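Take a look at this one chain, the form predicted on its own, written out in structure tokens.
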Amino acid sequence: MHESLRRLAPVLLLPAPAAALAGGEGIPDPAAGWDRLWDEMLVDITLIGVVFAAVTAWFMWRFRRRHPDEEGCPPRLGTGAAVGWAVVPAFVFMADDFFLAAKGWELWQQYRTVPEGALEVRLDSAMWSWTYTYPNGAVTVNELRVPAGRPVLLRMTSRDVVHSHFIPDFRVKEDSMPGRITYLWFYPKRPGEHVVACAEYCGLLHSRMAGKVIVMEPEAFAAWYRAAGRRADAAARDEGEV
């Protein structure tokens, strides 16, 4: 572990890599789970809204005033009916809320449980850049290169103020802050480029603190990784000779 991270480790909550979830179906994809939960929530809210709007509209029509002099004469509800009208709608709302909360908790566990075999990269945040350090010493700024088909774990800290590393396409966002190490992981399945943004206001030029994730074919990433490692070793030797 990098010396600065070793000094910080006692005050931080770091995950131990765990076996992949999803019971034999391979590595879970929190981004897909997030999308499913979001769609399900929208469907549930829409259905409940339509049902209650329909009931309200029926009440308005059924008990409408039919002539100007008509006075209402509502039936008196018994205890059972009054309790039922109060409890049944509340039960419907709460049952759906508890269901969505349980699904959200399950998804949260996926977000916080790192699969085995993840590529671990150190991230140092600072105004206004993201600096990524790979296990072989290679360093990139504002450009995270990763292989397709392998989970990626970022262990993050900040050199100055609180930042938030946000990759919208992978539905992940986590603060990086001075004096602590936080983490996030994501699962890039296919080659492509994805935007990285800072989602925590960090001062002047905050909106320009951007980067990108470049997902590469595994063979191309391996070649880049070896070349970047050699360049890092050469730079370290040159610094040692000065």
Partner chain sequence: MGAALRSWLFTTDHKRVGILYLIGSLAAFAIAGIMAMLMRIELTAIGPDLTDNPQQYNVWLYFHGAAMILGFQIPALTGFLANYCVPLMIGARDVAFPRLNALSVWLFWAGILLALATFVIPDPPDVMWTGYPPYATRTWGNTAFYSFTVLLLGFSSILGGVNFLTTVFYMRAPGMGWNKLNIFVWSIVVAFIIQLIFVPVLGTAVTMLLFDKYLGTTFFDPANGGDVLIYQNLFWFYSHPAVYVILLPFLGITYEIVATFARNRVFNYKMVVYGGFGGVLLLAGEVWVHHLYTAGLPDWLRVGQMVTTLLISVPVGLLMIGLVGTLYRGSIEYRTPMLYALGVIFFFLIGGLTGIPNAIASLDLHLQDTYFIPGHFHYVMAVAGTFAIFGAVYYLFPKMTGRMYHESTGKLGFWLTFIGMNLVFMPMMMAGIEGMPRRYYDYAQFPQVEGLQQLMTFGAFVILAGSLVTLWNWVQGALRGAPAPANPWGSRSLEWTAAPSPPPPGNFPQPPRLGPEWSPYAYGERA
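Keep in mind the model is a prediction, meaning the values are calculated, not measured. Positions refer to the first chain, counted from 1. We call the rigid core the largest set of C-alpha positions that still match within 1.5 Å between the two forms.
The following text describes the form predicted together with the partner chain, which does not appear among the structures shown.
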Fill in: Single option in 141, 100, 119, 148 placed near the partner chain in the predicted bound form, where near means a heavy atom within 4.5 Å
100
Fill in: 4.5 Å heavy atom contact, residue 215 and the partner chain in the predicted bound form
no
Discussion item. Is residue 178 near the partner chain? Define near as a heavy atom within 4.5 Å, in the predicted bound form.
Written reply: yes
Worksheet item: Quick one: does residue 200 come within 4.5 Å of the partner chain in the predicted bound form, counting heavy atoms only?
Response: yes
Item to complete: Answer for residue 210 alone: is it within 4.5 Å of the partner chain in the predicted bound form, judged on heavy atom distances?
Response: yes
Worksheet item: If you look in the predicted bound form, which residues in 40-69 sit within 4.5 Å of the partner chain (heavy atoms)?
Response: 41, 45, 48, 49, 52, 53, 55, 56, 59, 60, 61, 63, 64, 65, 68, 69
Discussion item. Superposing on the rigid core, is the Cα displacement of residue 93 between this form and the one not shown 2 Å or more?
Written reply: yes
Worksheet item: Once the two forms are fit on the core, has residue 135 moved its CA by at least 2 Å between this form and the one not shown?
Response: no
Fill in: Cα displacement of residue 208 between this form and the one not shown reaching 2 Å, rigid core superposed
no
